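Just the one chain here, laid out as structure tokens, in the form predicted on its own.
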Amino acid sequence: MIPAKKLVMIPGPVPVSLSVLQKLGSEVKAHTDPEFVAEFQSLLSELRSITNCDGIAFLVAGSGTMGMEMAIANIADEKDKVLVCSNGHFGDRYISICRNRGLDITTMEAEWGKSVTPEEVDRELSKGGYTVAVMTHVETSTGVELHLEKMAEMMKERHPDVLFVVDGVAAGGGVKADMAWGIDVYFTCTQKAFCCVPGMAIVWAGQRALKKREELKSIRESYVDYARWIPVMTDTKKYWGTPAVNNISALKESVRIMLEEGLEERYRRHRNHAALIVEAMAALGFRTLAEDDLRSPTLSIFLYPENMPVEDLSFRESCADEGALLAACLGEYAGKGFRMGHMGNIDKHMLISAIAAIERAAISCGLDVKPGAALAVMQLGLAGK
């Protein structure tokens, strides 16, 4: 039997367009090459426009976790009082990062599958003394989307002196984020909805965040220090650390694809595809961990039916054999379901193939499902019926 081609349907890395991979595999240029310098400068301008950033877009080699550290290190020290809101595993990671920095933090933790609300955050911040609030746009462990625009509007109206930091690792490029709403720092990484390869973090810092960095005078960190990178990000002929030349060229191509599609269309597509996938999986007996009005457009956590005849690993291995790689759940939901990414440049053929693979695995594992049930939902939905 010819082995099935495996679609990477985890919450990142995601399948990458061929033209992006070709840029990644192109001949290495010097970071001082005028052609690369211009390409890098153009990309930074495009990145600023994507989030409507009035400050600087930092594009630095490293993971999303490095982006988390870069975002907080430049705007908070031991004198700052920080509210860190968690909707799951990666919100908890931010709590750990802030504690390790010795920050004066208060935590607000939502039940998995739910989200902190503007009303709850408002009540806490109204106690006074806070200078920074940190939240997660899309929580990778739960598939929960924060109602970011409403939260940002509340922050801007009720707590204008509090800097608002948003972890957009699992959202950026697939869910709208406009810093003019009242966001001071937003960050993501390249291997998720930006549909590029792993290796870089993008941190957008608005004017208020840049001013706060100036007021701090110095910070303990070197590599993630805004002050080290500002000269490079404003004039890419300058040098601090060697940029990831090929990754930058690949991201430039990925951003070209995004802008060609149109950002509003891209955000709409993500929501439409997510809704179809949830409906298709429901036809197989799976339900989402996230509450209905909090479901993320970029990834979903599907919980197994109560009568699941096989263990989690066996089911995910069967899905892989059929051609769809899925991720394990985290925390208390480990073994109770799987995480599925549906972000980036995933087209109709990929969606149909992924759902077909999951449906075949469900049948082979003994789930009582009607063959074609999930596929019918996808086919009709993608056909606009």
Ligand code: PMP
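Keep in mind that this is a model prediction, so the values were computed, not measured. One-based numbering along the sequence shown.
Beyond what is shown, the protein has a form predicted together with the named molecule; the following relates to that form.
- When the named molecule is considered in the predicted complex, only one residue from Val185, Ala170, Leu146, Ala290 comes within 4.5 Å through any heavy atom, namely Ala170.
- Checking Ser26, Ser63, Gln41, Asn52 against the named molecule in the predicted complex, a heavy atom within 4.5 Å turns up for just one residue: Ser63.
- Comment: 191-199 is the region of 191-199, 157-165, 282-290, 69-77 lying near the named molecule in the predicted complex, near meaning a non-hydrogen atom within 4.5 Å.
- The closest non-hydrogen atom of Asn87 lies beyond 4.5 Å of the named molecule in the predicted complex.
- In the predicted complex, Arg93 approaches the named molecule with a heavy atom inside 4.5 Å.
- In the predicted complex, at least one heavy atom of Thr136 sits within 4.5 Å of the named molecule.
- In the predicted complex, at least one heavy atom of Thr140 sits within 4.5 Å of a heavy atom of the named molecule.
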